[in-house]
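Just the one chain here, the form predicted on its own, laid out as structure tokens.
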């Protein structure tokens, strides 16, 4: 009798475990791979926060956060760890660093898993890989807005370009030069700076010797703040039009408001600049959750993750079905409307933000819509 009761109870236990296993099998995993340490830790933390905010709001998928630092090898290893559970992993939310994304692209194709990113490196979507989807405007968008603002709005025609020697920096420099030349404003000076450089006075001196009328920066967060500070310390009062790193509240926090006078930046959006009730609500919720201000990287990753979650509730949770869904659907996010151009570029708008020297909060000076789609 006792044996029969034990067998019946054990059978019921096994049935319950199998049911729970079936339920767990239906929960997709969306790993978040971001640089939380190294020279891109500020950008990576923003990216992480945007993804986590969207995932925590929905709670219908599992996720883990992997630190990719700044090494391509570390990123590949993190992706391989995330893909060990191939049945449940529906998508990889990839890092913002272009060199890491380039190293991860072959894995995405090998494992047939969509790879979502907010990296601006142009080459990512120029290699014919159907598994990549970029939710931050790439260099073909932001650098066009960057150069056009300097020439068309500020009336400057002698730009000096200071860029990072990373893949991100090289990509942006190429698009800047091409756009400036097309506008009849040939750069008078160009120099690449390593991310480890702590003194840019020599680079500034050489740039100023070429008699530019505007400084154009395409640098990561820390180097951007360093160059702006040292330029102002040297009494250089030229307008500075910087890359998207400058719009970050964490970058502006490294500078005094007075140092930011006549500094502008290209970016995909600027949540702290407001503009709509939805944007203001997102900013307030982000501040409450993370105790800091959101930037365009956080918002782009939030929008991207929300689109993935819409797909998850529609049906496709990974693999080719999710890839095809992302490639064929439009999503209205907070920053902009996202739609693939056939190569995986989802974001096509940019804004220019500027500081007035009295506050670290920029205002939106110019909007550029459908930049790469208009050509």
Partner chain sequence: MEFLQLAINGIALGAAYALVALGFVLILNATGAVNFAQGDLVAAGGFLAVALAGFLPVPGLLLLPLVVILMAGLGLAVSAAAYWPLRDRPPVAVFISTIALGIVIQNGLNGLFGAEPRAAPPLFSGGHLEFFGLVIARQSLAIMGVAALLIGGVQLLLKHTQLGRRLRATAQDREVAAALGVPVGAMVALTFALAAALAGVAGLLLANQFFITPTHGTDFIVKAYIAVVIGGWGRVGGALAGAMLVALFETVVAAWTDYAVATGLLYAALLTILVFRPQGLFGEAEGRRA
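Numbering follows the first chain given and starts at 1. Owing to the predicted nature of the structure, the values given are computational and were not obtained by experimental measurement.
What comes next is about the form predicted in complex with the partner chain, which does not appear here.
Contacting member of 233, 238, 284, 183, with respect to the partner chain in the predicted bound form [4.5 Å, heavy atom]: Contact with the partner chain in the predicted bound form is made by 233 alone.
Taking 4.5 angstroms as the cut-off for heavy atoms, does residue 321 touch the partner chain in the predicted bound form? Contact check for residue 321: no, nothing within 4.5 Å of the partner chain in the predicted bound form.
Touches the partner chain in the predicted bound form: residue 39 (any heavy atom, 4.5 Å): Yes, residue 39 is a contact residue.
Tell me, yes or no, whether residue 191 is in contact with the partner chain in the predicted bound form, where a contact means a heavy atom of each within 4.5 Å. Yes.
Residue-level question: is residue 196 within 4.5 Å of the partner chain in the predicted bound form, judged on heavy atoms? Yes.
Heavy atoms within 4.5 Å of the partner chain in the predicted bound form: which stretch in 31-39, 53-61, 304-312, 333-341 meets that? Comparing against the partner chain in the predicted bound form, the contact stretch is 31-39.
Pick out the residues of 199-216 whose heavy atoms come within 4.5 Å of the partner chain in the predicted bound form. Sequence-ordered list: 199, 200, 201, 202, 203, 205, 206.
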